[in-house]
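Before any questions on how it binds or moves, here is one chain, the form predicted alone, in structure tokens.
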Amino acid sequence: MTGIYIHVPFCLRKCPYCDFYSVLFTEELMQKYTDAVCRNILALKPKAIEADSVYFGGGTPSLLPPEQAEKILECIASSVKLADPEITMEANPSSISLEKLRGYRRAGVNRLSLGVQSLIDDELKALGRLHDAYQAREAAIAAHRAGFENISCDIMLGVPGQTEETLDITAERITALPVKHISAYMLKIEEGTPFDTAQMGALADDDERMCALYLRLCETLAKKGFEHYEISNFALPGARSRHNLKYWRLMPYIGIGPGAHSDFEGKRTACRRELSEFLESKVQKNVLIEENIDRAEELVMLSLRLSDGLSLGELEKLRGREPVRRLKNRAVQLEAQKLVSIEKTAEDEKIKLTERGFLVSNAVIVYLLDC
């Protein structure tokens, strides 16, 4: 099954840490954007695509009026064969209301991803967010009242002024809300953003602090019943993000909108980060990023992000027995350092990262691939 990603490139104000493509929101641009998205979706019809997830990302997708979201979803339903789809809308607490949320539910959106980041007001101010902690909590409550049973919240780790104690408060407050999924991201300083300063860089590069915050959150969420199913993602039973799992399981997805990426028909492409070009083109102009993709290498890199781990049987089908033997020998060394576990069943053998292994996942993956 294919995933459909819709990039909504509008914001009321750019967050100082964000480098995703977005421009200043206007109602006129949003209307033209909606028409362009629909043109691109209708162009997919001859491909006879089957999909089970749609994801509105951004930017700030919750600036999209419900009637325009409905128009886009109607175009998808008429152009793609949808099978019991998970339809996610990212939303900022500052740009939603109970009425708008009810409109999204009527349009067919059945999963909401709230950009909370923190439930400490000083930390939200430090991140340049437009909402406060009260608005964030009220947004989750309103979403549930509007009929959303599947709600996700983002948490940022490494925020200026954040401590293990304030992170505990955020985690306790979020898990007390009707939330089934939590994404936790470490603050990363992107080149060219307002946060790209020596002071902020030093804060983000404080590995000891980041490790302590990450492990503290993992422990807290585990006690609350949240499964740590991917490096940065936690879910109550049955609430894993179906769409995001496509990225980690090497499944096909199609991205629509300026800056959106696709992995479809054996090619990885991206739409140029230029709104005016997207609006004026009959069909978006995609740039080829990668062809003849090494799926075996990607299987190692992406499977190890998941708690399900890397299937050595699956890897052997792609690469052969000898490379897998060498990789397993290296994994045994990492197991002695408590960075991975090797689990064997009658059907397969899997390598899984431990919580501490997740913290140094890049180094672990490079070490395993180097064989």
Partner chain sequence: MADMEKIRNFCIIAHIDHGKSTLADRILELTETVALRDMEDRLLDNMDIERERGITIKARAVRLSYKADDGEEYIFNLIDTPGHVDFNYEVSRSLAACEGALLVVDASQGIEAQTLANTYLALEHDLELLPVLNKIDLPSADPERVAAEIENVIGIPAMDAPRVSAKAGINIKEALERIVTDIPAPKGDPNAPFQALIFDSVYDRYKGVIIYVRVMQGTLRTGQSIKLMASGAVFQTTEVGYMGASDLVPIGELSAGEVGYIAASIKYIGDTRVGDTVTREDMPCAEPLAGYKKVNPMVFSGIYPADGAKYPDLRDALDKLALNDASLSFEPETSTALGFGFRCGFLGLLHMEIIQERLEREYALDLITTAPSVIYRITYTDGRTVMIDNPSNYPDPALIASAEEPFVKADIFTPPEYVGNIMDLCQDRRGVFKNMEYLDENRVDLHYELPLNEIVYDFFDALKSRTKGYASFDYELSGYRPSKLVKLDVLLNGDVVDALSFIVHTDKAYARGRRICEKLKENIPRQLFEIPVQAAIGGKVIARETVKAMRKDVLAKCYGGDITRKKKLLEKQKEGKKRMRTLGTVEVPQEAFMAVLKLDED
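Just so we're clear, the structure is a prediction, and the values are computed from it rather than from any experiment. Numbering follows the first chain given and starts at 1.
Just so it is clear, the following notes concern the form predicted in complex with the partner chain, a form of the same protein that is not shown.
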- Closest heavy atom of Leu315 to the partner chain in the predicted complex, within 4.5 Å or not? no
- Should Met210 be counted as a contact of the partner chain in the predicted complex, where contact means heavy atoms within 4.5 Å? yes
- Query: Going by a heavy atom distance of 4.5 Å, is Ile289 a contact of the partner chain in the predicted complex?
  - Reply: yes
- Task: Determine whether any heavy atom of Leu339 comes within 4.5 Å of a heavy atom of the partner chain in the predicted complex, and answer yes or no.
- Result: yes
- Check His261, Glu297 and Arg305: does every one of them have a heavy atom within 4.5 Å of the partner chain in the predicted complex? yes
- Note on the structure: With a 4.5 Å heavy atom cut-off to the partner chain in the predicted complex, the contacting stretch among 274 to 282, 243 to 251, 96 to 104, 135 to 143 is 243 to 251
- Message: To verify the annotation, which of these, Leu177, Met200, Leu130, Met186, has a non-hydrogen atom within 4.5 Å of the partner chain in the predicted complex?
- Response: Met186
- Message: Can you pick out, from Arg173, Lys224, Arg268, His228, the residue that has a heavy atom within 4.5 Å of the partner chain in the predicted complex?
- Response: Arg268
- Note on the structure: In sequence order, the residues of 335 to 371 that place a heavy atom within 4.5 Å of the partner chain in the predicted complex are Gln337, Leu339, Phe358, Leu359, Val360, Ser361, Asn362, Ala363, Val364, Ile365, Val366, Tyr367, Leu369, Asp370
